[in-house]
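A lone chain, given as structure tokens: the form predicted on its own.
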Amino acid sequence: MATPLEELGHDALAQKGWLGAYKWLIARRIAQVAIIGLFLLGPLGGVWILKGNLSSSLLLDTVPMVEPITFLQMLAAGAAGITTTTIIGVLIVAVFYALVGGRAYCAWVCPVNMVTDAAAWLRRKLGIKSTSKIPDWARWWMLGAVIVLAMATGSLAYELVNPVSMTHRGLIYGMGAGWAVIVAVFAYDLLIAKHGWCGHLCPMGALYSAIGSYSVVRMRSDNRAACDDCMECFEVCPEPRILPAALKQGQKQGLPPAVLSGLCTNCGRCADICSKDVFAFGLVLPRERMAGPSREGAGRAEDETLKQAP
């Protein structure tokens, strides 16, 4: 039976205490703030650990890091400015997220995640349940539009309005017009679509989901037999449709106890909020990957289970 919104998380707090019920959320906030802080150390304190921005940066004046979506735009714009260092930088980032889960970037690095998480929290507090239905392919159309825009303009035009880039620039140099974008994303997630931007529209999220489709670090549900169907994990998960295959419904179908979808952000909120400790971080085994759900079967399982979600 689904837990009422006003009781969401109460059992986890009672069983695990405050720190146990929020440990992964706290860890993510520390990581996000620390990354921003490393960028700020240079201009504010003269300690240049990270130079540049979240699109393209240099660690300790040695290790280049380039966002995959930035690299794709550069290619589409005519490959101007692409150097060996650029290629090395994008490979470092892509390989890292291919191992740890592509959308871990969304939960552990992206500053916009703090904005959308705040909107999701306020939705629950206000009891807002209505949400626009956004098709799964919308984020892929957004990614395609970013590439086409770069081809048409011969520039990284999307970076001028990219909420991630604008937030990062704003935190370092002053928000200015960036506030309008942040407020728009917040309002969209709060009033129009639950997990609207990160969960349905962000082209960076789409690209990272593809990069991390076969990552080895996954949320696991080895204790799924203890699940009491409270549905609290569905309420807090930014991609709830990916959970059924790893829970009891997937167990009945002989599916492995691991969240295999590339859409998983590895945020750990399902582990935090579960009083039964069903979820935990772990590694996915090759044989589990082979036994994973088909795309069609997973989709049917997700739709059926989500009908019960709060």
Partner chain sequence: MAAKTVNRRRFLTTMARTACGVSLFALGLGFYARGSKALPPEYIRPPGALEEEKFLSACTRCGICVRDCPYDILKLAELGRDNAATGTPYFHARSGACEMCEDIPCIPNCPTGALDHSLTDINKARMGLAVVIDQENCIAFQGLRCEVCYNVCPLRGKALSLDYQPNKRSGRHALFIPVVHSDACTGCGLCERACILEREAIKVLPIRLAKGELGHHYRFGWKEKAKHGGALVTPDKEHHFNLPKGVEYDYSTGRIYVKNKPAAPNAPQAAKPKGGAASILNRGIQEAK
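Numbering follows the first chain given and starts at 1. Please read these numbers as outputs of a predicted model, since none were measured by experiment.
Omitted here: the form predicted in complex with the partner chain. The next part is about that form.
- Figure note: of the listed segments 187-195, 207-215, 122-130, 75-83, the one touching the partner chain in the predicted bound form, with heavy atoms no more than 4.5 Å away, is 75-83.
- Proximity of Trp141 to the partner chain in the predicted bound form falls within the 4.5 Å heavy atom cutoff.
- Although the partner is absent here, Ser55 lies within 4.5 Å of the partner chain in the predicted bound form, judged by heavy atoms.
- By the criterion of a heavy atom within 4.5 Å, Phe281 is excluded from the residues contacting the partner chain in the predicted bound form.
- Interface residue remark: Val95 is not counted as part of the site for the partner chain in the predicted bound form, having no heavy atom within 4.5 Å.
- Residues Ala225, Glu232 and Gln253 are none of them found to lie within 4.5 Å of the partner chain in the predicted bound form, as judged by heavy atom distances.
- Of the residues Met114, Leu99, Ala157, Leu91, just one reaches the partner chain in the predicted bound form with a heavy atom at 4.5 Å or closer; this is Ala157.
- Note on the partner interface in the predicted bound form: the residue among Asn266, Ser275, Ser261, Thr70 having a heavy atom within 4.5 angstroms of the partner chain is Thr70.
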